[in-house]
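One chain follows as structure tokens, the form predicted on its own.
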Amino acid sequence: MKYTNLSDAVLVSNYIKGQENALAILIERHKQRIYSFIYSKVFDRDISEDIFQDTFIKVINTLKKGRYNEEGKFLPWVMRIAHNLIIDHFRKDNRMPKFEDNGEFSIFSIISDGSLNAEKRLIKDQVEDDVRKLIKELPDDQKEVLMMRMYKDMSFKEISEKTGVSINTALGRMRYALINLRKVIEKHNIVLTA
């Protein structure tokens, strides 16, 4: 039987028994999915790579200590480790990420940040969802700048480099995005409370 055709559970078992290359196959098999998940939350390649590496350091340590008991559920287990490291990263920065539950790993929907009670979290999620819908009504160039600035926390210098326009153009697009966002809010008769 070809080594790469083995199931995750068999590869984990082989790694625990000392076959080092079994872990390399597991990492290769799942790296794209795990890295993409991490990147979708932090929007930064360097931070994503750090968290990805930290995830597998934790995986290796747990396996070496014989504390792995998630038989047949290797990928969800690794994703939970990555998820917890993402939360740790944002807690260090005092910024919580926006986790959307796409139904794939429902564990994320029950893991909560202790600083928000359930009601406040629901309201916060609803407001963020409403704002995202309003942003979709903006022209593409304004929407792009607004998303980079608000959700990816990019500087106007970084936005200008990424979009290939001058800093002044990026600033202008942001200004028009905010003006148009106000118009969209008025059009939908939304009352914003302080």
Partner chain sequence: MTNNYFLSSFEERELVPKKTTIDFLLNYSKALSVIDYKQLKFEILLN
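Residue numbers count along the first chain shown, from 1. Just so you know, these numbers come straight off a predicted model, no measurement behind them.
Keep in mind that the form predicted in complex with its partner chain is missing from the display, and what follows is about it.
Can you tell me whether A24 touches its partner chain? I mean in the predicted bound form, with a 4.5 angstroms heavy atom cut-off. Flag for A24 set to yes.
At the 4.5 Å heavy atom threshold, is I60 in contact with its partner chain in the predicted bound form? Although its partner chain is absent here, I60 would touch it in the predicted bound form, with heavy atoms inside 4.5 Å.
Its partner chain contact at K133 in the predicted bound form, heavy atom, 4.5 Å: Looking in the predicted bound form, residue contacts with its partner chain do not include K133, since no heavy atom lies within 4.5 Å.
With the partner left out here, check for me: in the predicted bound form, does some heavy atom of Y39 sit within 4.5 Å of its partner chain? The answer is yes: Y39 has a heavy atom within 4.5 Å of its partner chain.
Stretch from 148 to 156, 164 to 172, 125 to 133, 44 to 52 whose residues place a heavy atom within 4.5 Å of its partner chain in the predicted bound form: Contact-bearing stretch, as computed: 44 to 52.
If you check in the predicted bound form, do K17, Y68 and F74 all have a non-hydrogen atom within 4.5 Å of its partner chain? Contact check failed for every one of K17, Y68 and F74.
Residue by residue through 149 to 165, which ones have a non-hydrogen atom no more than 4.5 angstroms from its partner chain in the predicted bound form? Counting only heavy atoms within 4.5 Å of its partner chain in the predicted bound form, no residue of 149 to 165 makes contact.
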